[in-house]
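Only one chain is included here, represented as structure tokens and corresponding to the form predicted on its own.
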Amino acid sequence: MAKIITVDEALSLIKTGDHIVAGMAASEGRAFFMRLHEVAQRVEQVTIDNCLPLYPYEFIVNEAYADVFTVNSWFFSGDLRKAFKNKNIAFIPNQLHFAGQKRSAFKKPNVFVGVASMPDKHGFVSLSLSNVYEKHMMEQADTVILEINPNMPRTHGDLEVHQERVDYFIEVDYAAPELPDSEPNEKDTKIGAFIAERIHDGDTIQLGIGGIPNAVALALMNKKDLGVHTEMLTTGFMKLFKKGVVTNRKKSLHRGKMVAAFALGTRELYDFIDDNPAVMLLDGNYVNDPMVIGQNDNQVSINTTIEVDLTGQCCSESIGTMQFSGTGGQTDTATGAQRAKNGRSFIALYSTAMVRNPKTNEREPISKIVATLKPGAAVSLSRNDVDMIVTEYGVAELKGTSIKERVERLIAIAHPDFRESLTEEAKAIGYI
């Protein structure tokens, strides 16, 4: 009880020059960060590191605080994209399994703020919904503050922390942040079906975030004995488990267990993982290590991208020079899956996107398979590491292919309206 403090008392601990690290996504410590801007009157040069923040905190979105707070993020959310104009927000390039280690080696945190389940009778809390970099940053920080919340699921793995390792607790009672389980559209469904055709009974699956991964999960409902080793545990995985599709019986690593680094989804997902020994949230440095992923026989990685060029370079996080999201674990999981016996990696995208024409101000379709990436685009997955690219028009198997062969296969799954122009561009460049 001596460690329980109020939000006001927690804010009073923040000093000029502090480096604060927030938990990831649903583990960011909402009560503290909702009011962090209040210290702006007495401090200067405070740095906050976060990853996929879920709320429009004042210190992020209000440009009045841009001179006080610098925000660095491993993965942009919509609020960070909108606030980027304030000139105090920057992206931290990373492969997620090394995100915490590399950042703390450069800049040691003074304060870590996250969330946890309520303490048990032995004095342990669970870090609940994320174990990506949280434990590492807690070990590095001078001061550790956790918001203990009865609405946070108590998850198993290696994210249990004894109260002796925590400096302060804040008692809160807000609902755990949810990610709605969106319905796949027609394109999602077609892509999901193409991928499901190439997934076998007994495979171990990794899924990313968004409509396409949700569609893949739905398309797998007739499979048997699937396993889960994934960065993000989604509502789709829960549904597959409840249908008896996911059993984890055929896994070669952590057999019988669903393994993830963090969870984000619906309340039903949180209720499912609460005190569930079949689910383990392990340190992201381990879960996303390509060498570890490769130990899962029949590992399948499924992620999405924004743009692919005709050589197979995948830009999954920026639109030209504009940071849109982040690399996350895409390279970790794509390369890790290909290390596995019978492993496969899929990168999915729609063949087109609707973009506003600055001359006409009308929205027009553009191809997302392009001759060359936009100037300044981040290469999230190199052409050396790509396996299969999927659109609603089919699957391009690129592993081991030449540039000429890649061009032909990628044009074949581009939108028909753009195949001729892509062919001409490829000839002009000298690819074919």
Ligand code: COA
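One-based numbering along the sequence shown. Bear in mind the structure is a predicted one, so any value in this text is a computation, not a measurement.
The form predicted together with this ligand is left out here; the points below concern that form.
Heavy atoms within 4.5 Å of this ligand in the model of the complex map, among the stretches 306-314, 164-172, 268-276, 108-116, onto 306-314 alone. Against this ligand in the model of the complex, the set 15, 59 and 64 makes no contact: no member has a heavy atom within 4.5 Å. Only one of 90, 291, 221, 354 lies close to this ligand in the model of the complex, with a heavy atom inside 4.5 Å, and it is 354. Of the residues given (327, 126, 335, 149), 327 alone sits with a heavy atom within 4.5 Å of this ligand in the model of the complex. When contacts are judged by a 4.5 Å heavy atom cut-off, residue 404 does not count as touching this ligand in the model of the complex.
This ligand is not shown here, but in the model of the complex it comes within 4.5 Å of a heavy atom of residue 206. Among residues of the shown chain, residue 194 is not one whose heavy atoms approach this ligand to within 4.5 Å in the model of the complex. Contact check for residue 245: no non-hydrogen atom falls within 4.5 Å of this ligand in the model of the complex.
In the model of the complex, this ligand lies within 4.5 angstroms of a heavy atom of only one residue of 374-397, namely 374.
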